[in-house]
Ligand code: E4P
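Here's a solo chain for you in structure tokens, the form predicted on its own.
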């Protein structure tokens, strides 16, 4: 499973690429603006366009998802083409983020605009990351339209199911991949029992029909979420910077390191050129 970092903080991106453990970047206009504004407070006058180019250069050779702001077909296509033409020449790694359904209400006539935009951009050989996936059916339609990635939102799906079950929860609380039952009945969202189950259903359908689209698990909040989407077969997981640190953390590892350093044999260390 590939790991992307979900951030707009250049220092975080640079740190992870220096280590060599990430395979791409996902971000959005809001995160980019916040990152640039924080720099301005410290006297950095870097403009948004220059900042984005720095991110692209850091991630050279791996995908970076940049998002459109329009919500209708023509606007999304126009912005998608503009984003690609302006930024892809920097490092040849731009993917355009398009929502699967930009409609603001149910059954609105614009509900097809996201899929139409994906189809049009794909025909122009512009790779698309289809975002805001909450059903495997949405993932299937996006894949058929030609999306390179589909991004099911694990954490937000878990929140929605918990609200349906009327459970009290905090955003950082883990929700089991198998789902939860209430009054003897599994609580689901259109047949989806959890965010991890959503990811797994997307993976299963796309593989069953040999579609080339990759599943990119998003809205990940915990190390257990990372494990769940890995077991679910996700092609990619995009996770926050701090979560990379947590993935390496275990109390027994810390205890083992303390014991390890105490047990170093001087004669052996000398063989390696180590002296106290």
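Just so it is clear, the structure is predicted and the values come from calculations on it, not from any experiment. Positions refer to the first chain, counted from 1.
Omitted from view is the form predicted together with this ligand, to which the following refers.
Contact with this ligand in the predicted complex, judged by any heavy atom within 4.5 Å, is made by just one of 48, 247, 231, 31: 31. Of the candidates 221, 70, 53, 39, 221 is the one whose heavy atoms come within 4.5 Å of this ligand in the predicted complex; the others do not. The candidate site formed by 6, 156 and 171 is fully in contact with this ligand in the predicted complex, as each residue has a non-hydrogen atom within 4.5 angstroms of it.
Comparing 247 to 255, 56 to 64, 212 to 220, 40 to 48 against this ligand in the predicted complex, the single stretch with non-hydrogen atoms within 4.5 angstroms of it is 212 to 220. Contacts between stretch 84 to 110 and this ligand, counted in the predicted complex as any heavy atom lying within 4.5 Å, involve 97 alone.
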